[in-house]
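Okay, here we've got a single chain as structure tokens, the form predicted alone, with questions on binding and movement later.
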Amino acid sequence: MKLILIGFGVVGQGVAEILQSKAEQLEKRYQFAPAIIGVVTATKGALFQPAGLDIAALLSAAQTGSFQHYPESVGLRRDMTASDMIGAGSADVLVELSPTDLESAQPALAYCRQALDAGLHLALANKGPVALDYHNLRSKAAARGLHLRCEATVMAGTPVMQMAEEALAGCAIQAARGILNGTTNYILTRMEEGMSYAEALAQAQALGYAEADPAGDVEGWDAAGKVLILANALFGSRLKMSDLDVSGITDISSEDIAAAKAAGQRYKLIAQATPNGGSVKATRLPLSDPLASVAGSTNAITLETDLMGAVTLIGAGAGKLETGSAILSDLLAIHRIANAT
């Protein structure tokens, strides 16, 4: 399986590290021997080698901040764009790892469409394309006998999509609600321990959980993108961001936290998707709710089903290796299905 990676930041490097460290195991257990043949970034440059890039050298060059430090080899090109690499016809899968844009999803969406037209499968950690254009991408992939996989877009490596679509196959999922943003959950946890909102946010930023501009997290938009993905993938909805009721945690005070605690409740930013719509709201949960016990940067989701009742999945919602593991899982699924047919 030959891969093109768009983006080689934390997650891209995590994918590369996993493919390098698990190469022997993957080949022995799954007969899976992937090769990264192209990488495109906004800041480090681009590399394309049809015979496969050396992952150790690729990671070393990335650490310097520039692919100019990647050693020369026969056939290596440094001048190709993502579109050029897709059009070269050498790859099997496009792995989209660039930063998410929930307004237009570009340029990632254009690359995904081009890749499907060129016969490439898709594995995405970038939420934008599947949040804003899921049905068109899914239809285009199905028409060409290709696979669109997006496990990493909702809860990093915690397999919510696989659980919903495979482990719970046969069940009707009636609703999905969860804690889908680790930054806000970390802040609310620290506030319950006595910090002010400002102090908890500053600590989250110092630890790398929150960006310098945390609006996407604390105002609920990151979680809202995940609601769109869940609603469109699980329920066949065609929701847009404007259809969602979205608010964050910026208006939650220490007094609010204390009042909830006194009542035997706990504030969580709850993202919910149903067949009829979706929302993101700071919500007081009773301590008996499984989601109420999820602390720190951990994510969780409860799927309401007709046959199994409520099924809750708890796990990491971010991280280099955690998100990289979801990409690996999607690549293995594509490999398994392709071999079966």
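Predicted model only: the values in this text are computed from it and were never measured. Start at 1 with the first residue shown and count on from there.
There is another form of this protein, the form predicted together with another copy of the chain, and it is not shown here; the text below is about that form.
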{"item": "Listed residue that, although another copy of the chain is not shown, lies within 4.5 Å of it in the predicted bound form (heavy atoms), from Ala51, Ala33, Ala42, Met308", "value": "Met308"}
{"item": "Position in contact with another copy of the chain when the complex is considered in the predicted bound form, options Ala259, Ala167, Leu207, Ala118, heavy atoms within 4.5 Å", "value": "Ala167"}
{"item": "Contact stretch among 119-127, 73-81, 167-175, 240-248 - heavy atom within 4.5 Å of another copy of the chain in the predicted bound form", "value": "167-175"}
{"item": "Contact test, all of Pro107, Gln114 and Arg144, partner another copy of the chain in the predicted bound form, heavy atom 4.5 Å", "value": "no"}
{"item": "is_contact(Leu328, another copy of the chain) in the predicted bound form, heavy atom dist at most 4.5 Å", "value": "yes"}
{"item": "Arg336 within 4.5 Å of another copy of the chain in the predicted bound form, heavy atoms", "value": "yes"}
{"item": "Close approach of Thr153 to another copy of the chain in the predicted bound form, 4.5 Å, heavy atom", "value": "no"}
{"item": "Interface membership of Gly315, another copy of the chain in the predicted bound form, 4.5 Å heavy atom rule", "value": "yes"}
{"item": "Contacts with another copy of the chain in the predicted bound form, stretch 123-157 (heavy atom within 4.5 Å)", "value": "Gly157"}
